[in-house]
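Just one chain is shown here, as structure tokens, and it is the form predicted alone.
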Amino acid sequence: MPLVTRVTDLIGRTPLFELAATSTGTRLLLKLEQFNPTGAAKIRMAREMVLDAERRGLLGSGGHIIESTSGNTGLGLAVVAAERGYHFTAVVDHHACKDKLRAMRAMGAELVFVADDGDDNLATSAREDLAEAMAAARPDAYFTEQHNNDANAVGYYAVAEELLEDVERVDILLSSVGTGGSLFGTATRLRQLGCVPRVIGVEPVGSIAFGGEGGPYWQSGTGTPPGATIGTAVDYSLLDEGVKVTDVDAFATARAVAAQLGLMIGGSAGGSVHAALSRLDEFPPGSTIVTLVCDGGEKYLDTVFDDDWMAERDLLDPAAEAEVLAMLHRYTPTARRAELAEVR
């Protein structure tokens, strides 16, 4: 990598990891976005939303960025704001990972909470309403409004370009849907480049983007909770299938992948990986399946990887973890299987 002068110059060129493979040549590849600055994919779209606002004259010198965030978008905006001389206010709730909130503060962000201490319910709608009102009250402020900002998806175009530099084709693009920017932005650019994958979106049970009854869930930074509006970044015209994964299965997968391989992935990525592993044999032989791992598991040491936190919420399920471990063993790629045999 060349010498760089800005943190955002480090965005991109994240690695692909072959998690699983079948005897018929189907591979499950993980695009490890935790290798971006802030340890998450969303810094890609945070940068693009700010650059787009500057190009359109919506954000002036020394201006004030305001966003409703569960953490990763806020981390990205905190970096961009620090680099470009803006003030940044993150409207948050206590459902967010504590380490994400601490990191935003460390980078100079102002945090405004919509709930009292001890209330750890997801409050997406309340956050967005307050962020919009705060921006409207300040003449120098710009509400990036990630769920309804076209620049969100554009920020992920580079993901598609990177994928096609590393693999010949992407047959199935399967990933979690929060704002929708990462999945649908990547899918859009893949199509523009002549690759038309089957697009499968994953959301938590309790999310309403793919229909069904809404309810509470603990997967962070993904899904659309009841009462929240589905944003324009969710492009149903590109969606071939939407699936739902329980918190138990999502978190069991993240924990099993960490225990088996030493790879820490976040809870929402655990949901996507579970959806892919559970049906790996159903995909056409020789398929290349790519899942976007939006962030790493290190941010969830006090939640997903904390037995007490998990048990208090009735999410700890050793049997579910054992099932994932069995799938990981069954689908161990040939190269890794050979390495293990040598060690033994």
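Since we're looking at a predicted model, the values are computed, not measured. Residue positions are given as counts along the sequence shown, with the first one as 1.
One more form of this protein, predicted together with a small molecule, exists but is not displayed; see below.
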Can you pick out, from V273, I265, V177, L77, the residue that has a heavy atom within 4.5 Å of the small molecule in the model of the complex?
V177
Between the options G201, G155, G221, P197, which residue brings a heavy atom to within 4.5 Å of the small molecule in the model of the complex?
G221
Which of these stretches, 208-216, 164-172, 134-142, 178-186, has heavy atoms within 4.5 Å of the small molecule in the model of the complex?
178-186
Indicate whether the small molecule has at least one heavy atom within 4.5 Å of a heavy atom of A46 in the model of the complex.
no
Contact label in the model of the complex: N72 to the small molecule, heavy atom within 4.5 Å
yes
Evaluate C294 for contact with the small molecule in the model of the complex, applying a 4.5 angstroms cut-off between non-hydrogen atoms, and reply yes or no.
yes
